[in-house]
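Consider the single chain below, provided in structure tokens and representing the form predicted alone.
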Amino acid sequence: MRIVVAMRQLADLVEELEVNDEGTDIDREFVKFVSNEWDEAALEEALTLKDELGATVTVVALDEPDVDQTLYAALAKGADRVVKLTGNDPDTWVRSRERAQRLASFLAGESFDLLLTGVQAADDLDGQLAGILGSLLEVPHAAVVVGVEGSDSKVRVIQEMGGGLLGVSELDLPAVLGIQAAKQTPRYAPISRIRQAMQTGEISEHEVELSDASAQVKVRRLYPPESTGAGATMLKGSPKEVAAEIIEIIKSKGLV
């Protein structure tokens, strides 16, 4: 089985984020970027399938800040090949449709059985990437996937449904899956192995051109949260007294 994992970079949320001068994006100049946590789950699921089925794993990512570190870490964890797609502005936020178009342009020349990507990302939360990729590549797709079982021609997927229910379906290969969670916690690659991958591994570069990016969501303006001046109220007393005070606070705000 040939598996491709699409990964992306996000601003590290532990950083202090500021809006740029144009008010259309975060100021990216001094921000550290890390891999998307849902994409890390997708990579772990791919590596688990590799362990089970002897699959090959290719990791592909757009040219974004600090992406080389993510790709070398993928090699250190067990990926067989890593590819960086160039042609975009690394300092500009790439929206889901444009990202899907660039990935699909690369994949059109690749042979793959399964394409895995994170179900969403913290900077958009739209959960559309897997669906758009499936449409562009004209292959079956599923999202919110929490379990994958592969074979030569089909894949059995478990999806998280509403109300705590799980759905099971079978897709013909090739297919695209948006991974919500892997079977196990994403594996850790020590710095020594990442450094070794940097010395012995290679990041392939592939330039892609975007033919049509007209159908995009456009960010008109970003605003930092306004400070209301409200603070925390510390309640003292016995559990019974604190509970009674909480009830009074809730009642005073008209919530009950």
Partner chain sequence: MSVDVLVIAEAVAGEVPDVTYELLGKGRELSDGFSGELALVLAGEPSPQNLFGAADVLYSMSGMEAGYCAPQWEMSLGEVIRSAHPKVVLVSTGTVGIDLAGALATQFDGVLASYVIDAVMEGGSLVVTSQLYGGKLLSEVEIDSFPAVLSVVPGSFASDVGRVVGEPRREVIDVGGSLSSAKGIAIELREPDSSGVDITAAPLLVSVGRGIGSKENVELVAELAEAMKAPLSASRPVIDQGWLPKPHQVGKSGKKVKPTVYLAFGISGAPEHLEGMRSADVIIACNTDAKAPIFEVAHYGTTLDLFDLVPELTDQVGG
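Computed from a predicted structure; not experimentally measured. Residue numbers count along the first chain shown, from 1.
The following text describes the form predicted in complex with its partner chain, which does not appear among the structures shown.
J.: Have a look at S135, S151, T92, T86 for me and say which one sits with a heavy atom within 4.5 Å of its partner chain in the predicted bound form.
T.: So the residue touching its partner chain in the predicted bound form, by this definition, is S135.
J.: Within 4.5 Å, heavy atoms only, which of E209, D51, E37, E205 is in contact with its partner chain in the predicted bound form?
T.: Looking at E209, D51, E37, E205 one by one, just E37 meets the 4.5 Å heavy-atom criterion.
J.: At the 4.5 Å heavy atom threshold, is H141 in contact with its partner chain in the predicted bound form?
T.: Heavy-atom contact with its partner chain at 4.5 Å: present for H141.
J.: Could you tell me if I26 has a non-hydrogen atom within 4.5 Å of its partner chain in the predicted bound form?
T.: Although its partner chain is absent here, I26 would touch it in the predicted bound form, with heavy atoms inside 4.5 Å.
J.: Is G162 close enough to its partner chain in the predicted bound form to count, meaning some heavy atom within 4.5 Å?
T.: Yes, contact at 4.5 Å.
J.: Classify E98 as contacting or not contacting its partner chain in the predicted bound form by the rule of any non-hydrogen atom within 4.5 angstroms, answering yes or no.
T.: No, E98 stays farther than 4.5 Å from its partner chain in the predicted bound form.
J.: Which residues, if any, of 233-256 lie within 4.5 Å of its partner chain in the predicted bound form when only heavy atoms count?
T.: Heavy-atom contacts to its partner chain in the predicted bound form: T233, M234, L235, G237, S238, P239, K240, V242, A243, A244, I246, I247, I249, I250, K253, L255, V256.
J.: Did G87 and D126 drift closer or farther in the predicted bound form, going by a CA distance change of 3 angstroms or more?
T.: Closer in the predicted bound form, by 3 Å or more.
J.: Distance change of 3 Å or more between the C-alpha atoms of D126 and V168 in the predicted bound form: closer or farther compared with this structure?
T.: Relative to the shown form, the pair is farther apart.
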